[in-house]
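Below sits a lone chain in structure tokens, taken as the form predicted alone.
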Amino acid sequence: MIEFQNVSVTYGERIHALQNLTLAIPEGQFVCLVGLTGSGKSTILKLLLREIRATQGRVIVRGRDLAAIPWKHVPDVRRNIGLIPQDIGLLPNKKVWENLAYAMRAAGHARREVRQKVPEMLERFGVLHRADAFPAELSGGEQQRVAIARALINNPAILLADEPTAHLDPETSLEIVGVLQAINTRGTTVIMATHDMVSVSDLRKRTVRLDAGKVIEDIPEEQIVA
């Protein structure tokens, strides 16, 4: 589903965000990208969203070279990719249900579809009872669940999670990782960028370790021992 073919991303002459990265992610896989700040995790996510382009190499998503896609068609690419941003990114002046409805309307769904789908998603992620609350009135775990529901509201084939447990306590972190795992079980390809090694250890999914823009270790799921 996703291929990085000898991809490098360079800013100026000295900053190498990625260096000759080659990586393939099959459909339906759960991949943990781990590494310190500046290792290249977020750069990979930005490439997949076409927020940036590779300086060299190719990024292929579902058979399409992202660099060759005209800018006017980038929104079409992004409709197949759900994002849980590091800052959660809920609209503070909109209620929980409005955050999801806004995402659906932006993708062109009719009001009837919105009225049906939003309650279903909120119930699925255990926050239907908070539908009329504003983001600031939610706990950290509730905010993250709403962010996940919003990321999945348009049925993307790929879900990107950028440090989804960064601001959560250990118990809530495990809960959120469990939610992501359940999403993957339903067939969604999940790529989680994180430095939360406790959650990664509990997941026991394919783990790609990055350092200075390079893959230094790629451990398949079947080789990870509990």
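Counting begins at 1, following the sequence as shown. The structure displayed is predicted, hence computed values, not measured ones.
There is another form of this protein, the form predicted in complex with a small molecule, and it is not shown here; the text below is about that form.
- Residues within 4.5 angstroms of the small molecule in the predicted bound form, judged by any non-hydrogen atom, belong to 34 to 42 and to none of the other stretches in 55 to 63, 167 to 175, 34 to 42, 197 to 205.
- Three-residue candidate spot Y102, R130 and A133; no residue lies within 4.5 angstroms of the small molecule in the predicted bound form by any non-hydrogen atom.
- At the 4.5 Å threshold, heavy atoms of A17 reach the small molecule in the predicted bound form.
- In the predicted bound form, at least one heavy atom of K46 sits within 4.5 Å of the small molecule.
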